[in-house]
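Next up is one chain by itself, shown in structure tokens, the form predicted alone.
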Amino acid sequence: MTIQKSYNDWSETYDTAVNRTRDLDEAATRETLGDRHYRSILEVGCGTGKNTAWFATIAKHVHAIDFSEGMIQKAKEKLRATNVEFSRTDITQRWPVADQSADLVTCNLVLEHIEEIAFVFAEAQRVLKKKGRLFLSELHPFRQYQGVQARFNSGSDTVHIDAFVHHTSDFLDAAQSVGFALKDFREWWHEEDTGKPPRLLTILFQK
């Protein structure tokens, strides 16, 4: 099953099934980015809009992109904000966004499904304005080393979505190669993760 089809299928239950990683990502995003407002946010991998609605409250305009039509449709159904537009986009190709047009680019729980992440960083650098910021929230590599990857239940089956392991140094090296400066780096645990490796890694860069 392709990654795209997997997410189309998952869209039907994504918001309702128990998902501690999803919930922690939402909390970490708000805690990290909630100290300012933006003119323009590009949300890379908006999914069902779990963060999109909040982004719409801290930005004048939000462009939410995702390659799953199923996920975007769910986001549209529950979000009626007039300052949000959606585009189905393959982020491994040039993004449908003008140069130096965004103040913030966000990328949540996406890069584990991208084998070559350098292009994503290069595109973020292209579309961000001077002093613009790139925010990443990803499954922690320590979890990936243990074999954890995105998955969901489909009937009696568990569907594991194809994923690629990216070390922390991979994110930092890719960012540095296109001129990003590191602004913030955090590891996150869900309240039920006692005694376990961190669940998420968030990194904030500045152009």
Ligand SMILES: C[S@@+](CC[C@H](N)C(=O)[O-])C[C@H]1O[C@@H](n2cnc3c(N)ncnc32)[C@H](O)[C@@H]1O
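These numbers come from a predicted model, not from an experiment. One rule holds for the numbers: they count along the sequence shown, beginning at 1.
The same protein has a further form, the form predicted in complex with the named molecule, not shown here; the description that follows concerns it.
Partner contacts here mean any heavy atom within 4.5 Å of the named molecule in the model of the complex, and among 172 to 180, 59 to 67, 30 to 38, 141 to 149 they occur only in 59 to 67. In the model of the complex, none of the heavy atoms of Glu77 sits within 4.5 Å of a heavy atom of the named molecule. The named molecule in the model of the complex is not approached by Ser101, whose heavy atoms all lie more than 4.5 angstroms from it.
Contact annotation for Trp188: none of its heavy atoms lies within 4.5 Å of the named molecule in the model of the complex.
Within this chain, Ile117 is remote from the site of the named molecule in the model of the complex, having no heavy atom within 4.5 Å. Met71 is the sole member of Val97, Leu136, Met71, Leu128 with a non-hydrogen atom within 4.5 Å of the named molecule in the model of the complex. Of all the residues from 176 to 205, none has a non-hydrogen atom no more than 4.5 Å from the named molecule in the model of the complex.
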